[in-house]
Every structure is written in C-alpha cells, then in structure tokens.
Ligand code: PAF
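We begin with a single chain expressed as structure tokens, specifically the form predicted on its own.
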C-alpha cells in the first residue's frame, strides 16, 4: 500500500523506524509525470531493497528557463496510481518548495562539481547541474537511502551525482539503470508527452543516429563521426544543439577512440519547443 507524505519531518520519523528494524532503503528521485523508465527504476529498487521511496518534486533551481519550469507536466494523481498499481513503491514523498528549501532556494547551492557541470549540457544550461546537485543532496539528507536509482538517459547528471557522493563522502550507493525506450527507440522522457504524434514517431532519428555512429566508430575518426551525426539530425523540424563524444568518466571530449576505455556519444535535439537528450556507450572496458 502506497503511503504519500508531504512533510520532511514526518518522513524522517518513518525512516528512523525503518532503520531501527534494520531495513535497507532504496530511493528514486523524480520530477513526476512518471513513465515506464521511472517504473523500471522503482522495480529495480524493489528487487534490491526492503523499502522503496519515490520522490516527486519539480525542482525550480535546475530550470534555467522559467518557461520550461512552467510547462513541465505535473500529474501527481496519475503518478500515485502508477506507483501503487504498477511499481508497488512503499512511500511517495511529494513535498513543496518550502519543505525542500526551508532556508530559501539558494541554500546549499554551492556544491563543488569538479568542472563536470560546465560542458555538454552545462554549457547550454548554465546553473542547471548546480540545481540538480542541490536538490539531490537535500533529498539524500532527508531520506538517507542505502541505494540511489537514476537512469542512464541523463548521463551527465548521474556522472555528476556520483562525483558529489564521493566528494561529500555520502555513503549512499548510486545504481544506474539502462535507458528505457519507446517502441521506435526514442528515450522515454516526461517531456515526450508535449510532442505531436507525428514528431514523436519521427524522433526515432535520434536513436537511429546514435546506433549509426556506434557502427561507424570502427571506421571514422571522431570529428567525422560528429559531423555525420549533426548532418543527419539537422533535418526540420529537428535541430541538434550538440553532439559530443566524450570520456565516460571525465566528460571531456575525446580525440581518439583508442586512447580511452570508456567512451559515450551524447546529444541534445530541439523539436516543437521540446529538448530531447539521449546517449549511447560507444566503448566500454569496464
């Protein structure tokens, strides 16, 4: 039975009781508008923990565009039904802004991110990852989970959060789940609901391009791969913002596939006022 909690102090009391019983806690932070990708995270947590807590909080500090914050879908009732009937989460934590930031939204916003926040997504969304780190750190202070579940779709985000966990000596372990895709290959996202049916179907071009780049990585150099991808994605109504090939650990651009053991292609594409991100591992010696 799903229990919905809106207050941090109430949740803290419940978590203390779980800890006294020696229960392991898994945590899935979300901004709501849940889809199968989120539910996969919840199910993974259920399999690996005694208790699974999901948060739904549309965090204002990670939106560098106020219009994007305003348009972000909010479907709490539907999300509650999904968590109870499909994923069987134990607790839904749905706070308001004052509960997360009792000292104001600037509190805790100066977390050092080792420069991982200024490239790729960060160069196009200044301050975004500071907001992400700020809210995740605050949520971890409240929930204190054993395991934290995030999706591979937000590659730069989970890389930054993993850095934060280590730099702040937070004992929570990060568990990353593979990208969950729609039937046409489009990475599942809460923003997909804003796409017209035709564009949502044609957005398969992003996944197809990533697959083609992986295949061609055996024969083309890095710059040629990037040029090929941009040309393929730059077809109206789609407009690529970037296509980068980076070291999966440092997020720095790579110039030779042979010199790195972990390489990821990452992209962001605009269509119908919606920004779609995706990525694919090109090489991994892990």
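Numbering follows the first chain given and starts at 1. Please read all numbers here as calculations on a predicted model, not as lab measurements.
Heads up, the form predicted together with pantoate (PAF) isn't pictured, but that's what we're talking about next.
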Legend entry - Contact at 30, 132 and 136 by pantoate (PAF) in the predicted complex, all three, heavy atom at most 4.5 Å: yes
Inset, instruction - Give a yes or no for residue 159: in the predicted complex, does one of its heavy atoms lie within 4.5 Å of a heavy atom belonging to pantoate (PAF)? - result: no
Legend entry - Partner contact for residue 150 in the predicted complex: pantoate (PAF), 4.5 angstroms, heavy atom: yes
Legend entry - Touches pantoate (PAF) in the predicted complex: residue 154 (any heavy atom, 4.5 Å): yes
Inset, instruction - Can you check 230-238, 244-252, 217-225, 58-66 and let me know which stretch has heavy atoms within 4.5 Å of pantoate (PAF) in the predicted complex? - result: 58-66
